[in-house]
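Quick heads-up: it's one chain on its own, the form predicted alone, in structure tokens.
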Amino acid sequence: MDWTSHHMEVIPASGTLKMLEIATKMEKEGKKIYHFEVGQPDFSTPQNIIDTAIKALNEGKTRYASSRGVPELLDAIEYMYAQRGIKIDGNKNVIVTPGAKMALFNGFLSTIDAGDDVLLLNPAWPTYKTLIRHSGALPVDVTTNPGYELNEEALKDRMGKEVAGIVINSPNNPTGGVLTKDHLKFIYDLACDHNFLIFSDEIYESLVYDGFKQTSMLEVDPDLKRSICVSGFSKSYAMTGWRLGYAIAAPSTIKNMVRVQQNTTSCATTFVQYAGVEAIRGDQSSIDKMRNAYQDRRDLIQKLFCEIIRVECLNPMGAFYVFPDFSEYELSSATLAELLLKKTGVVTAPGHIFGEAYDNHLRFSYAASTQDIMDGIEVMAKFLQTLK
């Protein structure tokens, strides 16, 4: 008897983790693999954060916490945004969640009704679509210009009474592109004119390059009339496995998100929340160290791609991804990704998982060692020369 529910029809397998599983099997067979598929910092979590978590464990901070978050972390998040000139109330505007995914899911369940349209600036992290569909809503793709540059006309063309929200992600996964303050103002004005909500995923906001300053939607919508901002600790502090995220929204929305969390995960892991306090209030030099290293790697990988014939690669302003265009090879992204993995050991994420319009792209994460970037792109380039 197959007990698979109909809910599984909207929950696909992860395209990136699927590639990782194949690559892991090949590694066990002794093949050299160059990992460019998973968006995970290759740095260790800073030691002061680890030490604080151990201290919290030893102090017995292992019981249930408030579904909203421990007071110390709510205060720390308020403090962090105040340092940027953004005023929020940690006790009213913030919920702490087990990872940013849960913050997004809580937000969708709290604000979106079945049958609503939720616009999705493409290319986009595939989990957005899954969460939107699981909420009973319909994700509607809005294609951007190359490099995640906002296409204002394409966005205006998608306006309608069924639109209840839009998901934006700057810096963007998979392109590394960014939305400017003017872009955010344009989106906010549309939201006011057409009465919809903005879900702003700002998880990569600290990883921007060349002096660019990422504007938060909180700066455009300080009263949180039409915005839910989501972020977390995974990328900025190399804490992917700690599962610690948060959302910032209007008090009424946060109350509803707390109700969702009370009935699902209960709370984020208690001792991990105290580690989050140290991440915010402790030494911040690790962020600069990672950012500088990523910028050097971005410069390297973009230069190497530009040397490959028949490949176009824009220079991203943030995150740790490039999204080169392989259209001249006339292969689907899934086929090309599988060929590269089996023939060269280079594992990437196929572009089609980020939107149907991007089946000629592959996503490469440069959260990898400089040596692996040089060696991996070299063996890939040699193989591509053999393709007609």
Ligand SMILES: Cc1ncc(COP(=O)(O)O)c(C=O)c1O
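Sequential numbering from 1, following the sequence displayed. Just so we're clear, the structure is a prediction, and the values are computed from it rather than from any experiment.
The following text describes the form predicted together with the ligand, which does not appear among the structures shown.
Residues with any non-hydrogen atom within 4.5 angstroms of the ligand in the model of the complex fall in just one of 169-177, 300-308, 110-118, 264-272: 169-177. Contact annotation for H183: none of its heavy atoms lies within 4.5 Å of the ligand in the model of the complex. Interface membership of F105, defined by any non-hydrogen atom within 4.5 Å of the ligand in the model of the complex, is ruled out. Contact check for G99: a heavy atom falls within 4.5 Å of the ligand in the model of the complex. In the model of the complex, the ligand sits within 4.5 Å of a heavy atom of Y321. The putative spot formed by Y329, H352 and H361 is not touched by the ligand in the model of the complex; no residue has a non-hydrogen atom within 4.5 angstroms of it. Note on the partner interface in the model of the complex: the residue among I95, A279, I132, I203 having a heavy atom within 4.5 angstroms of the ligand is I203.
Of the candidates S216, N122, T253, S234, S234 is the one whose heavy atoms come within 4.5 Å of the ligand in the model of the complex; the others do not. The partner is not shown here, and in the model of the complex the stretch 282-314 never reaches within 4.5 angstroms of the ligand through any heavy atom.
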